[in-house]
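Below, in structure tokens: the form predicted alone, a single chain.
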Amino acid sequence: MKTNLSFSTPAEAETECLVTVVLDRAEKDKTEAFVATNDKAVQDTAAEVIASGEATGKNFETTLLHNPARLKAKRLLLVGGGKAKQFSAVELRKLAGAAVRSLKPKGVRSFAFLAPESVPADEAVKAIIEGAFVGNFDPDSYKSDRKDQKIEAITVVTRGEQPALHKAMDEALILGESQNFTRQLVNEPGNRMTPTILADHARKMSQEVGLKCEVYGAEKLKELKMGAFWGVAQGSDEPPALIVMRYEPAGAPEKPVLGLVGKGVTFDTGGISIKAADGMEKMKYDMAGGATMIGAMRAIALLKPKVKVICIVCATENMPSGKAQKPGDIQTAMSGKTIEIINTDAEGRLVLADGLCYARQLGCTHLIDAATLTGAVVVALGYTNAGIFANDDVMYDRFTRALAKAGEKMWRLPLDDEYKEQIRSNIADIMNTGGRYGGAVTAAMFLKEFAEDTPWLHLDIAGTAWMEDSKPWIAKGPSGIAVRSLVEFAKSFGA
């Protein structure tokens, strides 16, 4: 999707459709809808439909006007943004997606979005473009009668300092493309996204954007004594892939070195502790954490912050076979810790354990892992917030600032020492599951054993990496959660 800026008046914008936001303003005992612009032509054009009560400002309500007399645009789309007092770039991002999803089936291929004047211009430009990219993605790649309805171009009509706004547009373009790149990886079925194929995508992308990329197989896992990772991989006929991507910009300080570690289980049957058949097809998304890190690395390479970043994706399938690990087996992780396998479906923490250890060996001073790790986090937080765990408050505070800029939602869960009792083993150092209660926390406690004293964050995105239903601003399917936040976090070190 091409992106452009226009600094002309809205009335002069020649476009298939001009989109403007309608907000709801509380006035004593009543509410009043109004367009979020001071432009007289847009106000006058929308006045009649607002006065009639057809356009109320309700969230995601859309009203399409054809041949608006006072505008050069062929159509005017009013999109409701809710309460004016609560409106921000976060809501604006979703409205841009909603506008795209409303216009696509109508045959519109390009449109202009009028930036609301209540949001700082650079934030508005960034939010509109990012949201439009999110809304433009559909997961119907393999439909034989697929109709390509993608929006081809968006123009943001705005005012302000042009260099700063062009910079915001360029950054939003990179983030939007990178988030959708992640979503496309996650959307692929397991037979078309094996560990080898995922590694090929990472390698090709790295060549395009200037990253160093190395891919290793089973022999490297054995050489590094990655017994936890190999314990999962040994059950599959598909070879595992240890993907290592490096961003090392000239002029970056020796420290910090950010380590991004992703779970890349390209299909998860549960292994010998096999999952129920109902819904297992969704387990192609179990590599979403790895895809998120690959997408974040793409954006980081293009935005060029002055900070070193190493990404490690541990890619494998988790399959039941005569070679698969069994409940009761003991595996020795790269760190030397021994692990009693209680449930082979608690495999993500095993591959991440060795990934975190390897990141530390490569010199990473700060660690973040992302994984569709537990169903328990969905029980705790539903499908709205991802779970976030931290062993370092300073790093957590920095990441929450990145979350605010990115407009993504995560909620911190505890890592109290008492939870460690649930994963103590009678035969080994630790068990790979702590039972039913507090499952997201005990999984994080397991990973904490391998992060050790390195500042570390764990993102459990099991409930947010896949949209269970279509929303006005996003299609059902992969969400690309955390890409924007990880990039903002990296930028905060190397701005």
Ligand code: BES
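Residue positions are given as counts along the sequence shown, with the first one as 1. Note that the structure is predicted; figures quoted are calculated from it, not measured.
The same protein has a further form, the form predicted in complex with the ligand, not shown here; the description that follows concerns it.
Though the ligand is absent from this view, in the predicted bound form it lies within 4.5 Å of a heavy atom of just one residue from Leu447, Val441, Val35, Ala462, which is Ala462.
Between the options Thr155, Gln422, Gln184, Thr374, the residue in contact with the ligand in the predicted bound form by a heavy atom within 4.5 angstroms is Thr374.
In the predicted bound form, the ligand lies within 4.5 Å of some heavy atom of Glu347.
Lys275 belongs to the set of residues with a heavy atom inside 4.5 Å of the ligand in the predicted bound form. For the chain shown alone, Thr433 is a contact residue for the ligand in the predicted bound form, at least one non-hydrogen atom being within 4.5 angstroms. Using a 4.5 Å cutoff between non-hydrogen atoms, Glu317 does not count as a contact of the ligand in the predicted bound form.
Residues with any non-hydrogen atom within 4.5 angstroms of the ligand in the predicted bound form fall in just one of 282-290, 79-87, 133-141, 244-252: 282-290. Of the residues in 245-264, only Lys263 comes within 4.5 Å of the ligand in the predicted bound form through at least one heavy atom.
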